[in-house]
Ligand SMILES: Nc1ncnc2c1ncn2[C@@H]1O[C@H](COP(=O)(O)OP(=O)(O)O)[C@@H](O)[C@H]1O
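Okay, so here's just one chain, in structure tokens, the form predicted alone.
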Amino acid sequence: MLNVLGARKTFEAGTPAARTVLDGLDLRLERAEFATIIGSNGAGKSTLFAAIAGSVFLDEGRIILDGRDISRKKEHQRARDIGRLFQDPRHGTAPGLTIEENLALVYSKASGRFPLSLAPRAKDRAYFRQVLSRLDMGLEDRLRTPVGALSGGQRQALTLLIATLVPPKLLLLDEHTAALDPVTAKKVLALTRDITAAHGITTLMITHNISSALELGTRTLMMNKGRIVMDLGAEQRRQLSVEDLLERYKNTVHETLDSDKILLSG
């Protein structure tokens, strides 16, 4: 479903400050797989996401999505097939628009309805209330509330809903709960699991939480210096504790997992 083949990316190439952030990386994901990614700062995780989403072009390599080579397609050309959430809840929604207007804009665009409209039809509004109720945050009764007035957790849950309102082929989650308090983060992660499973969405999730990396989804990938150095399936993950994983990583790359954001538990 997703194939990343020989991905290479160097920033500031040809200068003394040159940094190779993707170094011949290969990755294959089957349809409906949910893989978590963890690694030290600078391992290349976010650059990998940027390359898949199209905000960064690879120097070498190819990205194949659902049988089509998208390596040279621009970001907006990939957006219908690829959903993306960031760490900052302010990304992905328009704060000056209401909840209803944000949903209407995305829904009309994704469904190919032109001209784009901020005014939903009656049946669309009923649908928005239905899907918002699944968040269990009372947002279905606040359709006319500006998104900028929501809490961080409410806004990130809404962003998740918007990204999957018309289910994408691939969902990229870039530490999308890192800025939330532990209780809200747990709720958004549960929503993530339920929504992606219900729609069979192929998902990649960067996380700073090792416990989440082992518990969520179907695979755990560990990155180091622009490569995937460990790829653990469901059965392997069940046999590993957090301490086991850290020790295996150390033995594989001959260094400890070093990040000021890494959390060992939820």
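If you're wondering where the values come from, they're calculated on a predicted model, not measured in any experiment. Numbers for residues come from their place in the sequence shown, where the first is 1.
Keep in mind the form predicted together with the ligand is missing from the figure; the text below concerns it.
Chemist: Taking heavy atoms only, is Ser40 within 4.5 angstroms of the ligand in the predicted complex?
Modeler: Result yes; Ser40 sits at the interface with the ligand in the predicted complex.
Chemist: Would you check, heavy atoms only and a 4.5 Å threshold, whether Ser46 touches the ligand in the predicted complex?
Modeler: Judged by the heavy-atom cut-off of 4.5 Å, Ser46 is in contact with the ligand in the predicted complex.
Chemist: Considering non-hydrogen atoms and a 4.5 Å limit, does the ligand approach Leu25 in the predicted complex?
Modeler: No.
Chemist: Does any part of Leu245 reach within 4.5 Å of the ligand in the predicted complex? Heavy atoms only, please.
Modeler: Output for Leu245 is no: heavy atoms all beyond 4.5 Å of the ligand.
Chemist: Only one of 230 to 238, 63 to 71, 46 to 54, 196 to 204 gets a heavy atom within 4.5 Å of the ligand in the predicted complex; which is it?
Modeler: Of the options given, it is 46 to 54.
Chemist: Could you list the residues in 1 to 25 that come within 4.5 Å of the ligand in the predicted complex, counting only heavy atoms and keeping sequence order?
Modeler: Result: Phe11, Glu12, Arg19, Val21.
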